[in-house]
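What follows is a single chain, given as structure tokens, in the form predicted on its own.
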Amino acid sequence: MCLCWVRVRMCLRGWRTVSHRHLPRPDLPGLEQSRELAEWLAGPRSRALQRAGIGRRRRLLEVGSGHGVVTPELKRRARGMVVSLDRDGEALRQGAVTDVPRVAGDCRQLPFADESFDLVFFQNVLLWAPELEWVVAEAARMVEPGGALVAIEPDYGGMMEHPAMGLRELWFAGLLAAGADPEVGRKLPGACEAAGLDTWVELSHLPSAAEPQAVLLLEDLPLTNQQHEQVRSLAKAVSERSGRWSPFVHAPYFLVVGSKP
């Protein structure tokens, strides 16, 4: 057994092996979509991780790692061990990186002892988390003094589109029906502060041309048949746009780094 596995098992509170049961998850896009989203967020993610001092971090926990598309970057940039955690065992087994510890677990009750890590990372995870303050407090429990929590999450309440196409309303309807919080971004700073973290916040600057693939992400959400027809119609309209910036669609992302005193 390799040394990194031994270290993880020593800090686990109630060891959980990777589950062999695959459950449908509206919060887990397909592999290619996950890669595209990770690439799109590369700049903001790099800034947030740099702010959190990733280059000196020796024990990093990636919560909600999914297909593991961001794991190689975390492994390359961190100074020590990276642990991937997700509640989907199938996604963990098929992840892009196989030489990191992979743990099946729930962000509401992380299976680790207090202060097991010096960096805990979330990306597009907390919008799916019920009881946000509880989940952030649970993550803060994992962080040792001097460590940090990094979260990169959207806020569809600040979504801009021109001309108005109804995309904001579709995202709200679909996310709420799937159990997500479309306005999680604006709530994160307060949740981190309530968990006792010194919090830095930045809104990402990622305006880009509207893409039909981004519109079709709505297809994975539990919309009505009429709403699905509307999504396909909008995707077609975007693919036939007259110029690069017409129509314009932008959903802001919050970059939050909470440092533990």
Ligand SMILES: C[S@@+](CC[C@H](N)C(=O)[O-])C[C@H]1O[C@@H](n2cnc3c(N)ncnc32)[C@H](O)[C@@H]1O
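As the structure is a prediction and not an experimental result, all values here were calculated from the model. The first residue of the shown sequence is 1; numbering continues from there.
What comes next is about the form predicted in complex with the ligand, which does not appear here.
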Tell me, out of Leu132, Met165, Val125, Val100, which residue has a non-hydrogen atom within 4.5 angstroms of the ligand in the predicted bound form.
-> Val125
Exactly one of Met81, Ala173, Ala140, Leu85 comes within 4.5 Å of the ligand in the predicted bound form through a heavy atom, and that residue is Leu85
Any chance Ser34, Gly64 and Arg108 all have a heavy atom within 4.5 Å of the ligand in the predicted bound form?
-> yes
Taking the shortest heavy atom distance, is Pro44 within 4.5 Å of the ligand in the predicted bound form?
-> no
So in the predicted bound form, does Val69 come within 4.5 Å of the ligand, heavy atom to heavy atom?
-> yes
Is Leu223 one of the residues lying within 4.5 Å of the ligand in the predicted bound form, judged by heavy atom distances?
-> no
Give a yes/no on whether Ala210 approaches the ligand to within 4.5 Å in the predicted bound form, heavy atoms considered.
-> no
Which among 157 to 165, 100 to 108, 183 to 191, 142 to 150 is in contact with the ligand in the predicted bound form, heavy atoms within 4.5 angstroms?
-> 100 to 108
